[in-house]
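There is one chain below, alone, in C-alpha cells, taken in the form predicted on its own.
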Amino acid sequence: MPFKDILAFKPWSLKSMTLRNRIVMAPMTRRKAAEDGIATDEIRQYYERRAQGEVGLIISEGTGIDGVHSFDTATVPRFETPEQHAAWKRVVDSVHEAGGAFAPQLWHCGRLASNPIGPCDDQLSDRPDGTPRPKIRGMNSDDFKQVLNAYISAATASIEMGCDALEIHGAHGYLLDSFLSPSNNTREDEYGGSLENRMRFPLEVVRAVREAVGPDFPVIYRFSQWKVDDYKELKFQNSSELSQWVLALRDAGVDILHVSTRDANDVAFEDEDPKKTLAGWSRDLSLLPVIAVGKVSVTLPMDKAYGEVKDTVADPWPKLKLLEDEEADLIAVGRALIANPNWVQTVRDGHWQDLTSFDKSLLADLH
C-alpha cells in the first residue's frame, strides 16, 4: 500500500482543531532562546520549516511557565511575560501561514530545574562533569498556588495568541511526573502515599488549565512510565493502575493523551497482552485519542542517540501501522524531524530510504 493512502496522511479533527494529517512534531528541548526566555527569529524559522514540510501539528519544545522554578537553563524559551508571548505569537502566525497547527508545551522542570522544587526535599547526584546539583526543596502551600497560577497564565496566553491546542508536560521526571513517582514523592499529606493522592496535584493543574481555556480548546497531556534519571521506572505496574490514571485525566478535562515511550511498538504489560502497546492500552482504557511516540524512523533509543554510535534510518511503517491497528490516532516524530524538515513529504511520497539519518551534531544549530 502506498504511504500516501494510509491514515497517517489523512486529515484529523478534534473540537476546534483541524489537522491536515496525523503527523505531530514531538516536543524536543533545544535551549536556543535568548537568556531572557524570548524565542528568537531562528526559533520561528525552525518551526516554520517543519510546517512548510507539511507536519500536521507542531508541539513546541518545552516552554518554561515562569521565571522562578520552571526551567533548567536560561536559554529555555519561556511562556510568561508579554514580550515572551509576543515572540511565540510570531511563531504561531508563521506555522499557520504554512498550513500547520501549533500547540505550546507548558513545562515545569521541578526537581530538575536550575532552581529546583519538587514533592519533597531531595538531593540529586552530581552532574556528569562532577559539579554538584542544587538541593531540591519540597513544595509548600505557596508553591502550589504559584505553580497553578503560572499554568493558568500560560494557558490563557495560548488562547490569546491563537494556538490550536496546548500540551501539559507531565512526563519524564519533571514536576508533575515526580508527584506520580513513588521514589520521588514520599509526602505524607494529601499529595503523597496512595496513587490517588500522588495524582492529586497533576489533576489540579489539568482542571485549572481546562477552566482557563474553556470547553472547546484541545488540551493534550504527555505522560510516561520512564524518567530522564531512571529509564527503567514503571509508575503503572499493570493496566488497572494505568486505567485509574488515564480515566482521571479524562475526567479532569484532558482531550488527547500523549503517551511517551522509548519505542512506540514496545509491549506495555506483557503478562496481560503480549502485543498491546502503552498507547494502545491508554486509548482503550480512556476512550480518548492518543499520540504515540518513540523511535519513529530511527534505530537508536533516545539514551543511546547522543553517543558515538551513529544512528541509521529505519522503516517508519511499524510505527505508522499503529494508526491502522487502532492503537493510536496520531504519531509524533522527533529526532527524524530535526534531520528532515520535509519528513512528511518524503515518507508520504514513498521515499523514506532517502531520509537523512539523525546525528547529534545537528543539535548545534537550528536547521
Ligand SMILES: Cc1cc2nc3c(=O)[nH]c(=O)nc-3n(C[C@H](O)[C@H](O)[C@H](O)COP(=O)(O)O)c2cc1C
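Just so it is clear, the model here is predicted, and its values are computed rather than measured. Note that residue numbering follows the sequence shown and begins at 1.
Absent from the display: the form predicted in complex with this ligand. The rest refers to it.
The stretch that touches this ligand in the predicted complex, counting heavy atoms within 4.5 Å, is 167-175, out of 167-175, 114-122, 278-286, 90-98. Note on contacts: among Asn185, Gln105, Asn197, Ser239, the single residue with a heavy atom within 4.5 Å of this ligand in the predicted complex is Gln105. Listed residues Val333, Ile58, Leu322, Ala33 were compared with this ligand in the predicted complex; Val333 is the one with a heavy atom within 4.5 Å.
Within 4.5 Å of this ligand in the predicted complex, a heavy atom is found for every one of Pro27, Tyr306 and Leu363. Residue contact with this ligand in the predicted complex: Val296 places a heavy atom within 4.5 Å of it. Using a 4.5 Å cutoff between non-hydrogen atoms, Ser260 counts as a contact of this ligand in the predicted complex.
Contact between Arg78 and this ligand in the predicted complex is not found at the 4.5 Å heavy atom cutoff. When contacts are judged by a 4.5 Å heavy atom cut-off, Met302 counts as touching this ligand in the predicted complex. Of all the residues from 216-230, the single one having a non-hydrogen atom no more than 4.5 Å from this ligand in the predicted complex is Arg222.
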